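Take a look at this single chain, the form predicted alone, given in structure tokens.
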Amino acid sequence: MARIVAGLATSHVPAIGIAMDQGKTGEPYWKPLFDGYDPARKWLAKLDPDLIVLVYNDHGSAFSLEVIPTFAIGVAEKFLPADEGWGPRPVPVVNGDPKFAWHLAESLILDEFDMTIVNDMTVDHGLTVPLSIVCGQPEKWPCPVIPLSVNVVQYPPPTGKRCFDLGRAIRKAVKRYDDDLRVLILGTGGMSHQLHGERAGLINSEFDKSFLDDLSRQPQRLVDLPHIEYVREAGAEGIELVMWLVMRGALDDDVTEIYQHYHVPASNTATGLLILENLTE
């Protein structure tokens, strides 16, 4: 049967993708950040998963304010990089796995999660930047990817508990899949940042580092964290961190922390990366 072997959480700052696309990763501003990504890339190459479930938020590319699903899953054979106003990123097309995606959608809906099923959509930096962070710049992404979009743009976003429970339901669905697949789940977004208003540029390293540690060791504290605490401590856009809880919920209760990386600043935001492995496959 299929099984989730590990989870990875990472920020998806658009400027990270631009720095890679424009060959700026060795510049003094960017080098400390990208040096911290090297261990994650080596780890992923060694893990060699068969499939990735990638939890992210759309930034007005596939969905607009006219239609905003709380949870959406892409079930297509492929997903093209989105044009976010300056042309699509020069990255590979994201190949899906319709058979697995439909299984996952059916299982989640029957488990009482109201998923929006998407047969055709583009994917923006929320999905492509995490792939670039952990894969570098390959000619082809190493395995199929299932895009799972979460609304953290329009109020109200789902709670941390709802996202954690979605992860639990994803774990259950994966175990019900007959094919022998080793699945990696990614949670993306954050960390602390605010893009507008009087607190634009906010970074709270104390909150971020505590979040990283608790995600490994005591996720229940984060599951119980209300929206207002994210906004107060991590900024308006810090609410993206609830997507990391989808990843954590999909893993076993007891995990091994493999790697942690935190860096400030990256385009006026804080960036984090965390790798967790289940103790047994």
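A quick note: this is a predicted structure, and the numbers were derived from the prediction, not measured. Counting begins at 1, following the sequence as shown.
One more form of this protein should be noted, the form predicted together with a small molecule, which is absent from this view; the next part is about it.
- For the small molecule in the model of the complex, the listed stretch (177-185, 96-104, 72-80, 190-198) containing residues with heavy atoms inside 4.5 Å is 190-198.
- In the model of the complex, the small molecule stays beyond 4.5 Å of every heavy atom belonging to residue 25.
- Mapping the unseen interface onto this chain, residue 89 falls outside it, with no heavy atom inside 4.5 Å of the small molecule in the model of the complex.
- Contact check for residue 260: every heavy atom lies farther than 4.5 Å from the small molecule in the model of the complex.
- Although the partner is absent here, residue 227 sits far enough away that none of its heavy atoms falls within 4.5 Å of the small molecule in the model of the complex.
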